[in-house]
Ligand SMILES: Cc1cc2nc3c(=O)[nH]c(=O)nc-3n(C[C@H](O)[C@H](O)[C@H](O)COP(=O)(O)OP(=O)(O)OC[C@H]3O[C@@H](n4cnc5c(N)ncnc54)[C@H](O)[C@@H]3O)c2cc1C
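Given as structure tokens, the chain that follows is alone and in the form predicted alone.
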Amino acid sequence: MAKIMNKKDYKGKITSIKNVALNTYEMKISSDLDNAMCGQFISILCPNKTLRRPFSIADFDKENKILTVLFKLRGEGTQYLKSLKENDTIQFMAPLGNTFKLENKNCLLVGAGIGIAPMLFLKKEMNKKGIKNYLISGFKEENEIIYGSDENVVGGSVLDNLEDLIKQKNIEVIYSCAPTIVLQKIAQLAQKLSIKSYIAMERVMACSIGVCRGCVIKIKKNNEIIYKSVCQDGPVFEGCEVVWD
């Protein structure tokens, strides 16, 4: 995974904001940001709130310098974003975090809920490079589906029949963004089948720049346990490195 260090504050203009699923919105932002890669995120300043809110980048149009984020209504920060209109301005820090390592192999992409956001960006980049991929996403209800996947699982678990799908499609590497328990099961399944997995961890990030250490996880490296921040050292990690408590 590559680290991108040219992060800074930007002022952006909302070019569109629309409801795309139950309590879920797509927001497009125009700014001077000239590059963003799949796996990275931005951190948006919400007025009268001490902490910024992090959001995975769901797409980036480099030619027009427009980035896309998806957000689900969860609290005051996302309620503020929902209240924004076209041509409103926001302040955000970007690009944050590392990126997915693209491998020219048969790839399975797994998203769950709002975790589909970086998977959509990753799928787009893989398609550009001619990398064979299949995106499967899971949602609790039909009206929560965010479209763009090759297959949607509704009501059950995205993990159901995943091993059969991997074998059927001769998958060689898995990429995923989902709740922790799903990522854990995917990483363990990948190890069982002796294939690689890259996972984008979902964590509450207070500072988004590695200062507060509030999003620290355990990583096993050279038979030693070390601590890394999801926001600074991630959010993408190899599944086999993560120590699941």
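Start at 1 with the first residue shown and count on from there. Small disclaimer: the values here were computed from a predicted structure and weren't measured.
The discussion below concerns the form predicted in complex with this ligand, not included here.
The putative spot formed by 74, 78 and 205 is fully lined by this ligand in the model of the complex; each residue has a non-hydrogen atom within 4.5 angstroms of it.
Exactly one listed residue, out of 158, 94, 114, 109, brings a non-hydrogen atom to within 4.5 Å of this ligand in the model of the complex: 114. Out of the listed residues 217, 70, 187, 33, 70 is the one that sits within 4.5 Å of this ligand in the model of the complex by at least one heavy atom.
In the model of the complex, none of the heavy atoms of residue 198 sits within 4.5 Å of a heavy atom of this ligand. In the model of the complex, at least one heavy atom of residue 53 sits within 4.5 Å of this ligand.
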